[in-house]
Structure formats: C-alpha cells, structure tokens
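This text opens with one protein chain seen in two forms, each one given by itself as structure tokens under the names structure 1 and structure 2.
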Structure 1
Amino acid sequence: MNDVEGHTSSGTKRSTQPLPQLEQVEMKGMLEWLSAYGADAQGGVTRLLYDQAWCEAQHALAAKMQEKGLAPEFDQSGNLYGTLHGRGMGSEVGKGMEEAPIVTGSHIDTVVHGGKYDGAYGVVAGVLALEYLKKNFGVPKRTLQVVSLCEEEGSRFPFAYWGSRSITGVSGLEEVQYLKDQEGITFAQAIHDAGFGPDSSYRTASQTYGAFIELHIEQGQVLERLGHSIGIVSNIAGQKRFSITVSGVANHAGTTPMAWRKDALAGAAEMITAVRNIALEAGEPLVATVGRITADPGVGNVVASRAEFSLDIRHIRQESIDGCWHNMLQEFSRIAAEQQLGLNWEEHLSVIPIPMNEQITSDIRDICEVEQLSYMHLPSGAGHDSQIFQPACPTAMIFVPSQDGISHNPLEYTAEEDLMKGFRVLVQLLYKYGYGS
C-alpha cells in the first residue's frame, strides 16, 4: 500500500472525553437482534429494499429508537431517523449549517445472502452511540441524529444508493419509479406496498445535514493484514465499469490451421492478461478486475466466434482511472488488430472519486491518537453512502477490520473488540461535535 500511512498512536496529544461503562454497550447483541430480520438457515441475511424482512427490520428499529428516547421518524423514501435534539448551539462542523444536525448511520438493506455487519454495524452503532451519549451526557448542544438508510446495495432494483441519493436530493422518485425488480414489480408499486412514497404521511426525504459520519466494516483485508484497528478513509475510489466484446469467426477446432483462425477467446485471454499487467504496473491503489467472461458458442471443439468480458477499474484519482482505461483500450486495439478480431466496448458505470472531509478526518485521527488506537489512512475501493453525502455536507468514514476481508457473504465477521474500538471513535467524535464548544 503506497498511499496510506499506518500509525501506532503515541497517546499523548490531547485529552478526549472519558467514556464511563462503554464496555457495557450491547453492540454484538443488537447486531444479532437485527440480523434475525431476513435471516436464512446458513447464517446469511437477505433484506432487500421494501421487502417484508426489510419492513419488519426498519419498523423494529423505529421501536428500538423510541425505547431509547431517540424520537424516530420516517421519510417518504423509508429512511429512518432517530434524533437526539440539541439546544440549538452550533459546533464548528459544517460552517453556515450550524442548525443542521450532525448525522451518523449507514444502510439497512443487504445483498442477497449477505452478512450481519455490512451497513447494519453503522446503523446499530449510531443508535447505541446516541443512547450512550444521552444517558451519560444529557441533552447535547447541537442536534445529533442517526439514520438507517433505506437502500445502498442495488440488490432489488437496478439502482444503488437510493437512501442517500433521495436525502441529498440527487435523485427523486421520478427517476426510479418505473424500474422493475426480478419479479416485474415496479419501484413505485414496491414503495407504495411498503407504506412509503408520496401518498404516505411522511415528510419528503430531502434534508440539510451539518455533517455525515459513517462507521463501516472495511470489506477488505488491509487493516487486518497490516494490524491496525481503525481505518480513516481518505478517499472513496472512483470507478468505471465496462463490457468488452471481442468478435471472431467460429471454426472447426480440427480443420482450421492456427494461422487462419480468428479466435475471439484467444484474443480476450490476451486482453485479460493485459488488464492485469497494466494494473500491476500502474501500482496501488489502482485495481482492475475481470470477473466475468463468456465465450460463444462455448464448445470445446469449436473456435469461439465471440467472447465478452467485464472490466472494473478503480482509483482515488480520476486521471488515473482514465489513463489506465486509455492504456488498456490501446492494448485491446493492438491485440484485436494483430489477431484480426473485432472489438467493441460499452461503459456501464462511471463514478468519480470522492475525497473525505479533511477536518473530520483530522478529528478522527486525533481521537485515535489520544485513545491509543492503532490506525491508518486508507482509500475505500468499495462504494459507500458517504460518497453521495460528501458533495452535500462534510462527510467522513471510519473503518474497522473485516476478518479475511470477507464481505457480502454469511461468513462476514468482525471481532467484538474491533467493533467496540470503532464505536469508541464514533462516540468521541459525536461528543466533540454535539457537546464540545
């Protein structure tokens, strides 16, 4: 990792708030409780936007917020807010938006057969943090809020980040209403059936935030391998996704001399090798992945007439993504010309890199130093709600280690000790912004 720095904190910089009885917070218990909604027999969780398990989980969370004294409220998208009202005094964060709440949270939805931590950790930690702060420090100066975002994964409809997009006003129902899920149900029907949408009694989703802070599992192996407890996200990587199609001519594997072939799969194979070599040469944090390939007709004794493969390129700098794609396309063209093959490509997705807010990031680093938590700055190669929030308000992300880097899988796991270290950082940060001068 050449653009991240690791630190074993010296623990002497300045004081943070003493946090009494933090170890009594029921982090693991509440995560287990939430994971029962949409649980399957293999230990996985499936909660898709507006489906039954999702509805039950989101309403159960609302009841839990109520119970904990965090005035729960839904919006028309189905985002759920728990609020700890302040006395109207602003902290320094989000200048000019001193009246707007400081918000933490993450998403409640999962991928199909996902794990218990992705998204859920940030939601549960936010609820527990506000409960803890209220119990130990009373009414804050500035309003603190936890949000259980309705959707991030894009698992049910072909649209991701619906929760954060609707809150920040980037997208509205008019953009998604005709989308259909795999069973042919429209987005508009699904939101209505779940009791949300413009016909419901809830307020519109769009809202002004003072800051957004997301606590999340890393979903990678960097923290674990390098032995750090806290990851301070420097940037959320941008990405481009393509589908590359190589065209040749189907021919008999026995009767066509090698020199006369136009073998689409042989061409694709050389291109995939080029992807890896160009990415390795570009160096970290650039990653490029070919995860999917098909060959037609796909028979062992017929030269392939067509091969199609996916390409996913990510980096924290747009010019690096563009430069890498340029190099790959040049190499693809050279290979296609050399092997007399056709080449077509289609861009499916383009997300620009998003740097996290410097002030909050710096505050998180200070907390790690004082709390003597081993931390590092690192980019996030995965996409997160924070990339949607950052253009609208100061945003930062805190990562905790993922065991073996496994995510989107029932085996997703983070040790309770690590969950609590991330929680400690979140509580200190919210204390600073909610109760500090």
Structure 2
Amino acid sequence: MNDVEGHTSSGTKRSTQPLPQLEQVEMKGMLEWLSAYGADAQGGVTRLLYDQAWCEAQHALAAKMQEKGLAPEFDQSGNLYGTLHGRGMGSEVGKGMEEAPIVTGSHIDTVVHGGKYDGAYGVVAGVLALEYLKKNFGVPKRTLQVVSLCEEEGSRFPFAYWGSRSITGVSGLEEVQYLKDQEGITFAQAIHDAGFGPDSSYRTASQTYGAFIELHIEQGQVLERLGHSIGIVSNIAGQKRFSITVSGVANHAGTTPMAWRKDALAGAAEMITAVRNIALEAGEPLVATVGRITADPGVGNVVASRAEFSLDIRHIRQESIDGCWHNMLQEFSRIAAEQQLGLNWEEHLSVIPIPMNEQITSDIRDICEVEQLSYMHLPSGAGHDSQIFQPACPTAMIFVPSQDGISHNPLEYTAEEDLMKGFRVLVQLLYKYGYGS
C-alpha cells in the first residue's frame, strides 16, 4: 500500500462491531465554546502559551472534564489530563503496552489569528469520547486519558512541542527557561506567572503512555480533493528550520551605481528564488518555504545593509531534507561570493521523519472498514506532537478533511459530518483498547 492509496470500504471486516448512535455528541458546540477563549478582532483565535487566553481556556477545560465525569489534573508544564480510570486489566493494544494508560488528545495553543479546529478538535473529541464511553460502557478495563497539551506551535517562544517534549523527557525547563518572547518576557517568567513550573504544586510532567492517538484536521487538500472521509497517517515529515542572514553595505539609492552595490536585499531575493527552484527540481513530497523576510535599514531610498529570511524544509525522508539543504547552502554561498555579501545561518529546529505505529494504523483501517468509511493512507507534511510521542510509545494519527485545505487561518473549517466521522473512529479505537478482552 503506497502513501496515497485510497480505499472505499467493502464492509467485509468485522473484528469490531459498530457502537451505538453518536448524534447527541456536542462536538460543534464545544469547539465554538473553546474558541471564545482567545477570539480576536480578525475573526480567528489567538491563544499563546501561558498567556491569559490560554490560561483561561486550559482551566475552563479542566472544569469541563470534571463536569463530564473525568478526573482533571495538571502537570508542572501546564499539560492537562482528564482521566477515566480503569480496572487494571489487560487490553488488545499489544505486547509491552499492558500497564500505562491509553492517551488521546492534542494541543490548544494556536498560531496568531489561527482557526478553531487545529489542535482543539483532538482535545474536544477526546473529552467527548471518554464521556461517551463512560456513559455507555461504564468503567474500562484499562485507564483511558485525554490530554490537552500545553503547547505545540512555537508561536510565542522559538521552541515547538514543549508539551509533548516535557512529557517524554526530550526537553526540560533548563533548556528553554531563558528563551524570550517578542515582549522580552522569559519562558521561566511566563510559566511562573501562569501558575506552573517546578515551584508549583503540580506533579512533574514526565509520564509513560501505553499509546498515544491524535485526531486532527488534515490542514491540507488531499482528503477533500480525493473524496475520502478519513486519513490514516503513515508517517510525519521531518523538517529543518533556519534563519539566513545576508550582510551588505548601506548606501544612497540615488548615487550608488548598480554594479558597485553590496545590496543585501537583492542577494536575499536571488537566494529565495533559488530555494523555490531547488525544491521544484527535488520534486514531491519535498517542500521548502520562505515565509518571512526583513531588511535593514528598511528605508525606500537606501540600499539594504542587511536582510534576514526564514527557511523551512520538509520531507518524509531525512536524506532528502539534508540533500536539499546542502544544495541550497551551496547556492547561497555562490550568490554571496558573486555579490560580495556576507552570509550567516542559524538552525532553529531539526526534527527527523517519524513513521506511525503499524499495529494501531492497521486497527484504524479495520475500524474504517467496519464503519464503512472511505479512507486513505497519507503522510503528514505538518509537524505534530505525535512525532515526539512515537519514539516513546506506540502512536498513530487520524485525519479528517479540511475545507479547501485552509489552516492556520480564521477561515479554517471542517464540516460537522466530517468531524463526527473522525470521532466515530476514535471512539471505536478507544473502546477496543480500553474495554476489549
């Protein structure tokens, strides 16, 4: 089965039985309720790690979890758990996954002026799934949890996946405490002001999962264009992020001949064109993006002395990412030398490609067959907390369609019917692992 192979259910596999009807689940209403925390003037949602909107949303979710029969608990990083305690018996998940809880969820932080569904859908669906299972089937054999991760986007501080990194022990506060946001507030100050951190009364973030299952909007156009209801993520693309700085000499725009200029912005522009050309030559699924550029002194009648631009490279194979970056850096160096410009670069993020767990993805496929849902296997070009969890525990992702592929935007939208199809798959999977023999 290749990465883009689609399937329409034949309904022939019956290892799992369909669950009772789910029409009464308040999915859309709860997503609207959550989006009020951080609603901004642009019609989107802005909830940044440890800011007021984020704090209010996370504490409101804790109250909502308790209202729905789950036991809420924060950790020192600000991750929030809602627990449905089990009877301590085994499950069908597999060898090596007998004791630790099965966890679902996602993140509630957003990009600036983001949408209502990215991350939030996985959290809301997880809360409602555990409520549904408890009401219809009682206490599970194995503990089930939903987690509202404190951060994934890296929108406030230059550090992504803090929630999942702190849980898995990949990163600790000592690594990030001196990072500053745009207002000069340090990470250590922000976590303290929000009531979390090592001085708080909460438990440490470190925890062992039996498995992690993340339900998420696709944030792309593939499912919608190909007419599939469910995306079973095969792997998550790796990525590298850089800041590229080009140095020249500021000079008068009217008196400096073109041939004698050391124009940092002109050099950066040529480098950015090279990024596009090299990525196109590499071919899909490699993508490379320059999303930000600044110039100094930033005056219309002065040749730029300095230009800085961002670079984001992604692919499902590490060797392709490394090869693309090598080719781009060679071309940047050639351009800088030809135009007598300085060149510096700094790497901010390097995440290797991560395959999802084969057993859980196989179980998701079987559930789609039982539920007669059209599905396909596809890679994720976007980064997710699942790529942090997979090395620590069996992990899988389920995608539902995004209208027009729009995400990180107030226009982000997924139809309620599609939200509910993903929810049905999640409920079946949690039932299998939490209540199965």
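Sequence positions of structure 1, starting at 1, serve as the residue numbers. Basically, rigid core = biggest C-alpha set you can superpose within 1.5 Å across the two forms. Everything quoted here is computed from the prediction, not taken from an experiment.
One chain, two forms displayed separately, with the form predicted on its own being the second of them, structure 2.
In the motion between the two structures, where one rigid part swings relative to another, the hinge among 150, 236, 117, 126 is 236. C-alpha superpositions between the two structures give a turn of 15 degrees for the smaller rigid part relative to the larger.
The shift recorded for the CA atom of residue 322 between the two structures is 3.3 Å, with superposition on the rigid core.
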